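First comes one chain, alone, set out as structure tokens in the form predicted on its own.
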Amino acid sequence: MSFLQLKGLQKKFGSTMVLEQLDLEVKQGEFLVLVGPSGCGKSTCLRLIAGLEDPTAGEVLIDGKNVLGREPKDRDIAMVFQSYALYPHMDVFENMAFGLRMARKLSEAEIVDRVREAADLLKLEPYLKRKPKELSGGQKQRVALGRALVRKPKVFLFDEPLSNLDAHLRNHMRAEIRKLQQRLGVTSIYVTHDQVEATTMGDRIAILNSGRLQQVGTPHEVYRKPANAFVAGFIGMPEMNFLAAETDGKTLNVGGQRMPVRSPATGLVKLGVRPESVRLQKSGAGLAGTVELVEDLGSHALVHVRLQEGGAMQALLPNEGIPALHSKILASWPEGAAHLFDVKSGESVEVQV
């Protein structure tokens, strides 16, 4: 059952459309990730839900009630920001208790109990008397989480909370946030531009581009069946390979090679193949090319191939038997591994290549 609903949500700044007719439903207890490139409207969407911005049109419903017109403090939402937004003159305890004191709905004993409960959950007990300047980046982020947690909100909103952390700590905190949300069961929306964060954290992910919703689904769904070329290229690391091709619905011509295809599309199309599906061999069928770069990733290598007929491909291969730099190879892929996209609309075309 939907717990948070966005209906026809739209936001303009002057004549600039930032968010266009967004319809989205989040189930109770779900962890939904909003992902997309910088400037696509995802943080604006979060601010509209929180009440920090007013929409140009549309509705925001929480637990069946339209919350537009309510002050942020009255929406029963807690938000965790990218900047942590901790008060430098207050210790950890006071930072976590501040919002509860401002609300004036709880006794001092209840405030102490909530702060200590959150501190125990986030392993912050040893730091309750420290000031923010005495904390590491990860500890500051946990304090920001604790400040949201003590409010016991109906909805958690996360606005790129890990972008200021180094890669190792970001990976650690990513897992901690997900485990915390699963333990509490709080409906959550998490904004990021990092598709790895999106696919590893979300029950479902919603991909935005230029203010428009592109696709909503589980990480597996959007990876295996991208709705369009933008989603196909944005989700997945390394990125999908794209090549110009032409088809009559039965045969696909790509790079001078012809292969059978079953597709309703005819004419020019865009062919997409993920790097992990690409095979490189010295003989047989495939697109002729030259190895121009090999990136050693440890257990795997990313091989960059310049194709003889124009264009390029990347192949993600086990780090054994990698073709030599500047060697001539043939690139191919197994049946069913390729995607076709309409050249004009970018929409996915049902296909078997």
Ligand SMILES: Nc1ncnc2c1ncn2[C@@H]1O[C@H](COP(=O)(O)OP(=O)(O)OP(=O)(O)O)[C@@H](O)[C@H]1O
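Just count from 1 along the sequence shown to find any residue number. Computed from a predicted structure; not experimentally measured.
Beyond the structure shown, there is the form predicted together with this ligand, which is absent from this document and is the topic of what follows.
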Using a 4.5 Å heavy atom cut-off, are 247, 249 and 254 all in contact with this ligand in the predicted complex? no
Interface residue in the predicted complex among 18, 330, 343, 24, criterion: non-hydrogen atom within 4.5 angstroms of this ligand: 18
Heavy atom within 4.5 Å of this ligand in the predicted complex: which of 313, 40, 48, 33 fits that? Just give me the one. 40
Counting any heavy atom within 4.5 Å as contact, can you tell me which stretch out of 284-292, 40-48, 316-324, 58-66 lines this ligand in the predicted complex? 40-48
Any of the heavy atoms of residue 212 lying within 4.5 Å of this ligand in the predicted complex? no
Determine whether any heavy atom of residue 130 comes within 4.5 Å of a heavy atom of this ligand in the predicted complex, and answer yes or no. no
Residue-level question: is residue 160 within 4.5 Å of this ligand in the predicted complex, judged on heavy atoms? yes
Determine whether any heavy atom of residue 193 comes within 4.5 Å of a heavy atom of this ligand in the predicted complex, and answer yes or no. yes
